[in-house]
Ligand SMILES: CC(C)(COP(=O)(O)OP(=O)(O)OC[C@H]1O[C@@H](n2cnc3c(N)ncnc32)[C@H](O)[C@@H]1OP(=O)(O)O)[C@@H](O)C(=O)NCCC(=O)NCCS
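The chain that follows stands alone, in the form predicted alone, written as structure tokens.
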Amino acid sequence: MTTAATKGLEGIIAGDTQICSVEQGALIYRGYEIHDLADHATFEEVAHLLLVGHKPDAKELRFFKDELIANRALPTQVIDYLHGAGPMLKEGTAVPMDVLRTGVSILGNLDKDSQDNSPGANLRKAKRLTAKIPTIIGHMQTIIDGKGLIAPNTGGDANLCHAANLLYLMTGAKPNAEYTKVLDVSLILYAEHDYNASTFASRVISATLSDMHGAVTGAIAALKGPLHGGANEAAMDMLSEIRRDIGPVNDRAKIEAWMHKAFADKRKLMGFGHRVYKNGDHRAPILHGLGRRVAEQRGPEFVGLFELGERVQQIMNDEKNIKPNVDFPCGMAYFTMGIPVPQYTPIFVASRITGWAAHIMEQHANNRLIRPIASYTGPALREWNG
């Protein structure tokens, strides 16, 4: 006997996990709440927490950081591919998420542990992917910009933390403390979120006993969509569209008119609402506050962007009772730091790789093939020659 299907599996418990708890009042990584982590931890510490399973002591953290630094550089085959992908990116037949997806797949073909799903091999692969994905993003952006790769032999500067090194690889400039903090916290906020679409995709793939690189490649494909990871890009595109339509001055009446037209057209406004959080995304205010402080340092143009965003948020809350999710302030914060919009979702990958890998390892360690059933709604039984 089958029961009625739940569209999108909303509210369905699909498994157990020790990694993350997404609750109305809190987001918790292995027992630590997200505000606590954003205030007191670094991304490297959170990555260790997720991948290894516990908060690192000073010795463990130093060793973990050294492992990431030692594994930043890319194989020549991946660098060659990135150069070859340059024309595809410029012509628009590929976007950065496509190139990143293929880059990770190539890494799988080159990794000596690629076919080994044992706990030790999986952890080694997870660390290598965490180290190399930011390098793919950084080198890809310099190729898009027509510039030479930054430190291809080392994958960056060993004296820079994970977040700062990513910005350095993308721009060739070592970021200041404020930019580093914003990106570091954003990586923490995006690192893990239980059975979201991309993580669930990675668990479905790994449940077949496929390999980590294959599961991560599938997760990247899932994250690309504008209803998931691509929402941060779409949110910034929407704000840019509003700015083009209303002009450089944040005229309240014009903003309201734009929003009311969007409501009338039943347009989906990206960066708002969440499948789980009904009272607001805990992560959004954290990133909004950090991003706005950087905007205030940069000047009126960027403060104006945040003021526009705040007005849009107020209208959505007052008239639709819908609050922003973390993607909305992410778009504004990254734009303020000069990060190209098409790289927003790849940077999401640079963070979420830690959560994906933790789930893949958890799935492999206590596996059962994930195979739900469908509720058939097609034609009734009939005869071919009837």
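For every residue, the number given is its place in the sequence shown, counted from 1. Everything numeric in this text was worked out from a predicted model, so none of it was measured.
Beyond the structure shown, there is the form predicted in complex with the named molecule, which is absent from this document and is the topic of what follows.
Contact with the named molecule in the model of the complex, defined as a heavy atom within 4.5 Å, is made by none of Ile79, Asp111 and Lys132. For Ala215, no non-hydrogen atom is located within 4.5 Å of the named molecule in the model of the complex, even though that partner is not displayed. Residue contact with the named molecule in the model of the complex: Leu51 places no heavy atom within 4.5 Å of it. At the 4.5 Å threshold, heavy atoms of Ile220 stay clear of the named molecule in the model of the complex, well away from it. Of the heavy atoms in Arg275, some are within 4.5 Å of the named molecule in the model of the complex. With the named molecule left out of view, the stretch that reaches within 4.5 Å of it through heavy atoms in the model of the complex is, among 289-297, 199-207, 70-78, 275-283, 275-283. Put simply, of Arg252, Arg244, His83, Lys268 only one has a heavy atom within 4.5 Å of the named molecule in the model of the complex, and it is Lys268. This chain appears without its partner; in the model of the complex, the one residue of Val341, Leu61, Ile28, Ile322 with a heavy atom within 4.5 Å of the named molecule is Ile322.
Residues of 220-254 that come within 4.5 Å of the named molecule in the model of the complex, judged by any heavy atom, are Pro226, Leu227, His228, Ala231 in sequence order.
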